[in-house]
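This document opens with one chain alone, in structure tokens, the form predicted alone.
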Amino acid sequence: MNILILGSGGREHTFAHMISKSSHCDNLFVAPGNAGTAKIATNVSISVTDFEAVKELVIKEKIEMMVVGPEDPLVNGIVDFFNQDEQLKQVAVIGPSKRGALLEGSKERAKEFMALYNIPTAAYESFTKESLAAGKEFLTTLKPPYVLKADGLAAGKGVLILNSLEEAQKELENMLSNNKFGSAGNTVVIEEFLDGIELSVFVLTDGENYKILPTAKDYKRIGEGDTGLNTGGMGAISPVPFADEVFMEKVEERIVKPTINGLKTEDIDYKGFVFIGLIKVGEEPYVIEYNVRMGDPETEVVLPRIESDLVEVFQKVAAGNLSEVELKVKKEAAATLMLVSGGYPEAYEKGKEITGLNEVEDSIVFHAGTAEKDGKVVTSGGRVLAITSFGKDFPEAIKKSYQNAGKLHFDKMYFRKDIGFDL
């Protein structure tokens, strides 16, 4: 079959890597893709939110399956667009409907959903410009640190964790009155701070049945020891050592099952991934957030551990027969290390030549922010490459990734040297 992947990052290169190995894949397209996907698929330079251009491509190339990587097209309703179009509705689309995508598109909606289905999460209240004074007052009832979340999509930057009440009240005003995050911050969710250790659990569902994928933990801060600004993720490991059988049983019973049942109860069309951002407080799991797609860079450690044919699994999702799948997972641990542009996550330069890609051994390099220019691979984003390796445990796997990082080079290249330090 002809398959299209929407997106351009490390997540999409990982999907392409897995799908290109399937005997069911005849022709693979990635829109817009990057220099890595160009080696194993056909890149098509269109925007993921230009639905008419996507339609044109699907019809022209006789696409039978589309995997949606990023959240933007999902929140904007690409699944509904396909389902309502006579020429597109036969295409198997992996991703939830617009209603399903609201779990990520609106922090307030996610919190309301969790409250309705008794899913453990931090206590919260929502505020708008009109209730700013009440929001400031609510902050005085909480203990520091204070957590402020822009309700809408803010490219991963809409969450603030602040230690001073005065600063939290000022930032609340910045978000609600001064448009700090644009329209994404028209509503702000304030929630209690949960102290614990974070991890990600990924669930694949056909809306009725589900499979829990391997656990992962990513490292969001730019600096070692989890210091400095938040990024899209500087590395990840899988499986998570502290997510043992007892803990995962709690996650499944208290969080995964009620989530899937909630989607069913509300008759939400949901064929795709549910990313559950969790925090382990003591021995108990709480939900920090939902995402409605795979995370990045967790995808780079989760998918390569899956031995089942991904296209076959997706066919079952599309047909509503996911219960027939027996998911095969590698016993080996995986670790990925992110190489980023100097200055990231703030201002950084693009167009730096990347060398050493052919020298990497015993690891997979997934391209995130790369492009081809004059026959060379150059940087085109903040997060540039992810080096994924396997080992008997994550320290062995990450060691291989660090060894291969030494073979790669671009001007002002930076990476964290302590992935997995807290485990």
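This structure is a prediction, so every number in the text was calculated from the model and none was measured. The first residue of the shown sequence is 1; numbering continues from there.
The following text describes the form predicted together with a small molecule, which does not appear among the structures shown.
Using a 4.5 angstroms threshold between heavy atoms, A115 stays clear of the small molecule in the predicted bound form. In the predicted bound form, L132 stays away from the small molecule, with no heavy atom inside 4.5 Å.
In the predicted bound form, no heavy atom of V246 sits within 4.5 Å of the small molecule. Among residues of the shown chain, K220 is one whose heavy atoms approach the small molecule to within 4.5 Å in the predicted bound form. Checking 93-101, 306-314, 74-82, 146-154 against the small molecule in the predicted bound form, the stretch whose residues place heavy atoms within 4.5 Å of it is 146-154. None of I288, V203, L162, V325 but one reaches within 4.5 angstroms of the small molecule in the predicted bound form through a heavy atom, and that residue is I288. Distance criterion of 4.5 Å from any heavy atom to the small molecule in the predicted bound form singles out A122 from the list L88, A122, L142, V329.
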